[in-house]
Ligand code: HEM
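In structure tokens, the next block holds one chain alone, the form predicted alone.
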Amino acid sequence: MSALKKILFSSIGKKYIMAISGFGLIGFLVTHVAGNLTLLSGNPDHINAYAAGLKTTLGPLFYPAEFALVGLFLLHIFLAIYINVVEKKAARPDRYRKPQKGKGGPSKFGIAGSNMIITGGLLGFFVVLHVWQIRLSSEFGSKYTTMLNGKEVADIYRYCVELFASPLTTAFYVGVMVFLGIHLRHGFWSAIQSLGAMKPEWSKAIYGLGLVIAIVLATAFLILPIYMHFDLASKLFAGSH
């Protein structure tokens, strides 16, 4: 086995890859929510133009980019399960051993840190559901379309309206975004620590930065279903009078 393979297949190497994939997914979340926030304008053309613009901009790279993103999600999930379940069980059968100090200082072993597999599993399930409800439905489902600049495009706004008309669906989406915040809060700090880029004196500041990132992203995502649900409700109420 070459030196590179030894590094990649080592416990530390897996943690490096999981940390890097985590940062990649955070980058995706930032760009994704930035586009989704066009829903707040109340103008269907804005979100529809954003969705259509992705295909136009990426051109033939659109589908390869989607597959690469799916691969990044799967890689992150696989490594998280392998490191936190398989390797820990093999190396430390005593499940009640106290958490050890890491390279960046004391481990942040709290509610967020001790439930990363649970929150990550829920988020993984949500991603599959969300892709099916929006992405696959717009591509292979009912095919709601609208005209935009003389071209027929997928009517993503209509999919969102129908999705968040349900109070249960809206509540579910909001709840999942809370778990996203919990996952990001610890995940950001843990990724920095895994990369060995944290000095003990930086620990609190980086954990605080992770908290800010978690709150901002989770809030930006969860206000969308709330806005869509109650904006739709207000329109229906106004139309009935």
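Since this is a predicted model, take the numbers as computed values, not measurements. A residue's number is simply how far along the shown sequence it sits, counting from 1.
There is also a form predicted together with the ligand; it is not shown, and the following applies to it.
- Shown without its partner, this chain lists 182, 49, 213, 29 as candidates; in the predicted bound form, only 29 has a non-hydrogen atom within 4.5 angstroms of the ligand.
- In the predicted bound form, no heavy atom of residue 229 sits within 4.5 Å of the ligand.
- Taking the partner from the other structure, the ligand in the predicted bound form has no heavy atom within 4.5 Å of any heavy atom of residue 153.
- At least one heavy atom of residue 84 is located within 4.5 Å of the ligand in the predicted bound form.
- At a distance threshold of 4.5 angstroms between non-hydrogen atoms, residue 76 is in contact with the ligand in the predicted bound form.
- Looking at 13 to 28, the residues that come within 4.5 Å of the ligand in the predicted bound form, counting any heavy atom, are 15, 18, 19, 22, 23, 25, 26.
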